[in-house]
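Shown below, as structure tokens, is a lone chain in the form predicted on its own; questions about how it binds or moves come after it.
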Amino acid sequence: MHPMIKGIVWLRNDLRISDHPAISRALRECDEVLFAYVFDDRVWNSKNGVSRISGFRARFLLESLAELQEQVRDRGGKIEFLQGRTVDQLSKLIKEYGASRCYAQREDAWEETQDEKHLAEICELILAEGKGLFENHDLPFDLNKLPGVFSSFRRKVEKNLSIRPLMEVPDSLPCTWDECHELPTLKDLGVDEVSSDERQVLSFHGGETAGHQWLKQWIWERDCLKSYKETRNGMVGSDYSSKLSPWLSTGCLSAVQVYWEIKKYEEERVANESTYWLFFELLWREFFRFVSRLNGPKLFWRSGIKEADGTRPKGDPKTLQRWKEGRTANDFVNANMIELAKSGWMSNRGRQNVASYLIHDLGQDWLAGARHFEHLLLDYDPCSNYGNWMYLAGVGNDPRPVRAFNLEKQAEYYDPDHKFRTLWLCN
């Protein structure tokens, strides 16, 4: 008999049981696997009184983990929930469990890739695809030749594009380990409870089941995909855009699952500009993933990936605070900022406008705005968030030196009847 091969599946932004390349490979190569999730101190412990995660995202994440734990246990598996620095906690668990290797989804942002580097020095770390639609080896160019603008990236990757097939849900997840650490509560993690606001666009609930239910409802039952290109810039209600980003950012849904659902819809109902546009926006996520992977820590520098003039404004704390609280001279900006504070959500149109206003009208630090979004956004993703903020600040991938919005025209066009502003400024 060969000795039992044990593996750790390190959960990150991949909180699902279906279409999961790291789990599939671990089960092929190991006799049993133990799942592990780490609540890293860098995110969960407030630094200088400023937390990197709000109650909205924290609640969504815990809901997602609770469902995943149930799915894993139903198949005979176990999850350990750890708190501390990721590499330290995983290295201890690997030794205690007697694992010979660790499996994980490959990530793109700087802290995550540094964790991969340091863990690989301690154990055999096997990284799998799963974060996006494709990986480095699928690109028609070397990563260091990544186009600097999205349009060029899109044209190149769309030629001979091949997306991997979906992976099956495992029937069993054998594990002999006795769980030592339960899923913590918000209180355990030092995060304040948040209450839902009846004005929010959707009652977001974390977990793979909720993600698939909303995907099915929005695409098939409400039939919203066929007109998505025309409605995507709406600001009130649940149907105007897909609202899939919270489940994509946590990995409750994979981008590949969304891609094949689009293809199924195109085959069974209609293929048009709107169905393409949802795929087009998945490609934006891919672009910022590779921008982040190529540029590492520069994504979080004030000078950005362009390493622009280091004298860029650091801003005024009082002005920044008024922007955060929705107390500026612009009611369109204020309504969006209040929606974010009260619900953890803001439309894509709103995000572009409030960012432009902070940077170009108020003359403030884009990095402070990006960090505020990181704290509050339900669908926070480091690559897309910081990539978009850099873009608008002129230190990222925008070929224009300045991309400033005319807020008066934007409000007039996207909220002509003041419905959105009335909704969020009423009290």
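Residue indices: 1-based, along the sequence shown. Here the structure is a predicted model, which means the values were calculated and not measured.
We do not show the form predicted together with a small molecule, though everything after this point is about it.
Quick one: find which of 113-121, 134-142, 292-300, 350-358 has residues within 4.5 Å of the small molecule in the model of the complex by heavy atom distance.
Selected range: 350-358.
With heavy atoms only and a cut-off of 4.5 Å, decide whether residue 243 touches the small molecule in the model of the complex.
Within the cut-off, so yes.
Quick check on residue 285: any heavy atom within 4.5 Å of the small molecule in the model of the complex?
Residue 285: contacts the small molecule in the model of the complex.
Considering non-hydrogen atoms and a 4.5 Å limit, does the small molecule approach residue 392 in the model of the complex?
Yes, contact at 4.5 Å.
Taking any heavy atom pair closer than or equal to 4.5 Å as contact, tell me whether residue 249 reaches the small molecule in the model of the complex.
Flag for residue 249 set to yes.
Heavy atom within 4.5 Å of the small molecule in the model of the complex: which of 32, 67, 40, 381 fits that? Just give me the one.
Contact with the small molecule in the model of the complex is made by 381 alone.
If the cut-off is 4.5 angstroms on heavy atoms, which of these, 332, 177, 345, 153, is the one near the small molecule in the model of the complex?
For this set of options, the contacting one is 345.
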